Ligand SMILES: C[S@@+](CC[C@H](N)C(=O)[O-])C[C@H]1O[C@@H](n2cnc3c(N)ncnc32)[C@H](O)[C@@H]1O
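The chain below stands alone, shown as C-alpha cells; this is the form predicted alone.
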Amino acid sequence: MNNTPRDIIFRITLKFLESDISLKLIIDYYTCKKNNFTKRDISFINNVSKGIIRFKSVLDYNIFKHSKQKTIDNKTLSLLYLGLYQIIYCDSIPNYASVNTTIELAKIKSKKSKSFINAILRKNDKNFLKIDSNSSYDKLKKISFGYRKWQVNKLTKDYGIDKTRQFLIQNLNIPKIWIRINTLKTTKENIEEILITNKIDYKVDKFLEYFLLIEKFDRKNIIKKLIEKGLIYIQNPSSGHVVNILDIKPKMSVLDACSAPGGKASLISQITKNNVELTCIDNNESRLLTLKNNLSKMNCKNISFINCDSSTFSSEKLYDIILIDAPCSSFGTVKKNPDIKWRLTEKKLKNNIETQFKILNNLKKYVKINGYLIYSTCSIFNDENENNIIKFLNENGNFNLSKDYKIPSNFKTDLGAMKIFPIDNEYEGMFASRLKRYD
C-alpha cells in the first residue's frame, strides 16, 4: 500500500503530529509531481488531510472515549484519524471499507497496534460524536469548538461570547476559493467569459470587482491553468482592502516588507499599472525566489528585491509608503488553514507580538515626512493588532493614526483602523492601520 492516497494521508498526518511544519507545506511535499497522483487522488489527499486536522478534537474525543490508554503513539493515532475521519465525514465511503483499508495499512505501518485500531474503529462504526457547523452548542462545548481552550478564552475576552461562538462555528466549514483577476495580463471580461464557457459558477465581490468567489470548482483544471499563465491569483479580498488603504499614487516609492509570496506586491503593481517604484524584502531566500517567480509570471515590473530581516533592515533611502505585512498567528485564516489552531501556542503568540513591534520600530525610520506606514496582519487577536498600534503611537509622537481612507464602514474600528472579522462571509480575518509620519 505504499504511495497510495491513504498511505500518503497517513504520512502527512504523522509528519504534522511530529513536527512544527505547516500542513500546506507537508501536503505540497507529498503530492508533488514526482508522485504522479491523479487530480482525483490529490483532491482526496487534500480533503481528508485537512479534514483530519480541522476535526482533530472530534476524532480525539471519539477515540479516547473507547480507549483505556490515556496516551497513544503518533503512528497509531495517525492511522486512527485516517479511518475514523472517513467513517464520520466521508459519506460516500462505506464504513467497512474505511475500517478494512486502515487495518491493511496498519499491518505495514504499525502491526502491533492493528488489533487496537480495529477495536476502536469498530466501536465507532455506528456510535460516534459528529460535529459540524450545524451542531448544537452543547455538542460543540464538549470539544471546546475544536480549539485550544486558551484560544477560545482569548477570543472571548476580545469579542465576547456570541461573536466568538459565531467565528468558531463558521470555521468548521470548508472555505471557498477567491481569485483575483490580474489586469496586467488580461481583462475581467475575458476571465468571466472563460469561467462561463467552462460552466464554473462564480460571484463578483461587492466591493472589489476584480475579485471573484468560485462557487463551484471546475473539473478541467481551468483555474489551475489560469494561475499558471499568471492571468489570475488565488487571493482573498481582505488583502485587497489592505492594499487600497495604501492609496498609492503614480511614481511613489513603496517598500513591501515581509513580501513573499507576493499577493499584495502584485496587486500594488496591478493597480498602479507598474508605475510605482516597488522594493520587496523577505528574510527567506526560498520564499524570495517564489516571490520573484510569482511577480514575473504576473508581468509585474519596476521591482527590486532584498533578502533581509525587516526588523534589522537599514537603508539610506526613505519611502513614501512602507507596508508591513507582519508575521503573525494568521488566526484570521484558520478556516483555510486549520492546522494553525494546533500549531499556535501562547509562547509563539508572545514571540509574534515582540517581533511585530521590533519591525514597526525599525521601519518607522525609513518613512518620509508626510509618508505612511501601513501595519497589517491576518490575525484577529487584539494583542497583535490594536494593542501594538496603541503602544507604538504612545512611544512615537511623530506618528498619528490616519483615518482619511475609504473602506466599507463595517470594517472600520473605533480606533480608526480596519478590521475584518470573518463571520457569515468568505472573507478572511484581517487588520490594517495607516500611520502618518509628521517629522
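For clarity, every value in this text was computed on a predicted model and none was experimentally measured. Quick note: we count residues from 1 along the sequence shown, nothing fancier.
The form predicted in complex with the ligand exists for this protein as well; it is not shown, and the discussion that follows is about that form.
Only one segment in the set 301-309, 149-157, 87-95, 206-214 has any non-hydrogen atom within 4.5 angstroms of the ligand in the model of the complex, and it is 301-309.
Though the ligand is absent from this view, in the model of the complex it lies within 4.5 Å of a heavy atom of just one residue from N124, S259, T102, S238, which is S259. Only one of S144, S315, T290, N284 lies close to the ligand in the model of the complex, with a heavy atom inside 4.5 Å, and it is N284. In the model of the complex, the ligand sits within 4.5 Å of a heavy atom belonging to K264.
Remark: P175 does not count among the residues lining the ligand in the model of the complex, judged by a heavy atom distance of 4.5 Å or less.
When the ligand is considered in the model of the complex, I340 lies well away from it, no heavy atom lying within 4.5 Å. Contact annotation: I179 falls outside 4.5 Å of the ligand in the model of the complex, judged by heavy atom distances.
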